[in-house]
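This document opens with one chain alone, in C-alpha cells, the form predicted alone.
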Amino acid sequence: MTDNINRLLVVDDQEDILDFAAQVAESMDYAVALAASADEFYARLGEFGPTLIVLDLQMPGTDGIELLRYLGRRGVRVPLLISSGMDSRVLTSAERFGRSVGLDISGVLQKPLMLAEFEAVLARHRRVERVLEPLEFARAVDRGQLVLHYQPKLGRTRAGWQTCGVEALLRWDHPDLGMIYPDRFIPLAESSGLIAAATDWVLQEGVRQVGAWCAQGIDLGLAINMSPKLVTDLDFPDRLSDLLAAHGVRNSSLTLEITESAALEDPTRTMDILTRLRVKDFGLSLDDFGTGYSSLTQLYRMPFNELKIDKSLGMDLGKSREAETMVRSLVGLAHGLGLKVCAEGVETPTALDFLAEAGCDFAQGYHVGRPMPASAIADHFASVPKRLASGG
C-alpha cells in the first residue's frame, strides 16, 4: 500500500473513464488505483487501501450492487461515490441500498464525468496530512479503536491445498481519520514505547479469537508479527504459554513471525528467548526472507521452524523466471535445514500451482484470501475449496 494519505480507487470498465479519473486525481496529488473488473477491484481494495472509491454500477460479469454488498459485508467505511449514466431512480435506489448495508455513500457522479464536478469531489474528500501523536495511540489501545483483520493461509496436503490458519494484521480504526494501516502507526508505537502494549493487545485478541473459533469447530493456526524490540523479555515465553492455556489453545497453534533484525540486535538474549519458545512448542517464522540483507546464517543459528518468503518474490511467480528460480532454491534450502516454507504475495492460480510443484508448504496472498474481519472467516473458509478449484 502506498504511503500517500489520499488514495483513490476507480472501478469502471470504460478505459477512457479510468484514464480521465487517473489524470485528474494525480494532478491533485492522489495516489490512484484502477480496476476494470470485479477481480481487479477485490485485489486493489486489499492491497491499495483506498481512502475514496468511485464505483460504476454497470460492470462486466457483475454489477455495482454486488460490489456494494461485498463492501458492506466487510464493514468498509471508506467514502464511496456511485458513478453511472443510468436514470435517477436507479441511482437513488443504489444509494439507499448502499447506506442500508452500512456504507458511507457520499453521492453520485453522473456520466459523462465533468472536470469541474470531479475536481470538486476530490477536493472535498482530500485529507490533509496530520502527525499522529503518541497519546492518540495510547488512547486507541484503551478505547477499543484497534481491530484485527485476518488473512487466510493455505497448507499443502496430499489432497491439495487446505486452509490451515490465518495471520493477524493490526489496524487502527481512528474516529477522525478512518482506518489507519501499520506503516503509519507502528513506528510511532515503537518510538514512544507503546509497541509492547499494542503487541500484548494483538496476542490477547488473536488468541481469544482462535479459542472462539475452536469452540465453533474451526481449527486454525494463528500467525502474529512480533516487533524486534520485544525479543528481549526473558519472561515472555512463560506469559505467552499462560495466555494460550487460559483460552484452551494449544501452543503449537501459534506462530510468531520475526524479522531478521530481531535476531541480530542481541543474539545471545534472542537465542535464549526463541529457544524457550520452541521448547514450549510455539512456531517461529523468519519473516520477509529474500529481501534486503537476508543472512543464511540465521537459518541454522536461530531455532526457526519456518521460512517466510517475501511477497515481492511471490508476486512475480508466473511472470519472472528469476523469481521462480529463487523461490525453488529457497524451498530446497529450507527443507534441507528442516524448515517449512510459506510464500506470501500469491495473487494468481498460476503462482499457487507453481508453489505446489516446487514443494512449498504454505501459501498466502490475495488469491488465497484478503485480510478480513473475524466475522467473515467462517464464510470464506466454506467457499475456499470451490473457489480455488475453479481458478478463482
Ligand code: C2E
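These figures come from a predicted structure and were not determined experimentally. Position 1 is the first residue in the sequence shown; the rest follow in order.
One more form of this protein should be noted, the form predicted together with the named molecule, which is absent from this view; the next part is about it.
The shortest heavy atom separation between residue 111 and the named molecule in the model of the complex exceeds 4.5 Å. When the named molecule is considered in the model of the complex, residue 170 lines it closely, a heavy atom lying within 4.5 Å. Proximity of residue 136 to the named molecule in the model of the complex falls outside the 4.5 Å heavy atom cutoff.
With a 4.5 Å cutoff on heavy atoms, residue 227 counts as touching the named molecule in the model of the complex. Against the named molecule in the model of the complex, the set 195, 287 and 344 is in full contact: each member has a heavy atom within 4.5 Å. Residues placing heavy atoms within 4.5 Å of the named molecule in the model of the complex fall in a single listed stretch, namely 162 to 170, out of 162 to 170, 235 to 243, 68 to 76, 101 to 109. Taking 270, 255, 83, 151 one by one, only a single residue has any non-hydrogen atom within 4.5 Å of the named molecule in the model of the complex, and it is 151. Checked against the named molecule in the model of the complex, the residues 211, 182, 178, 155 give one hit for a heavy atom within 4.5 Å, which is 182.
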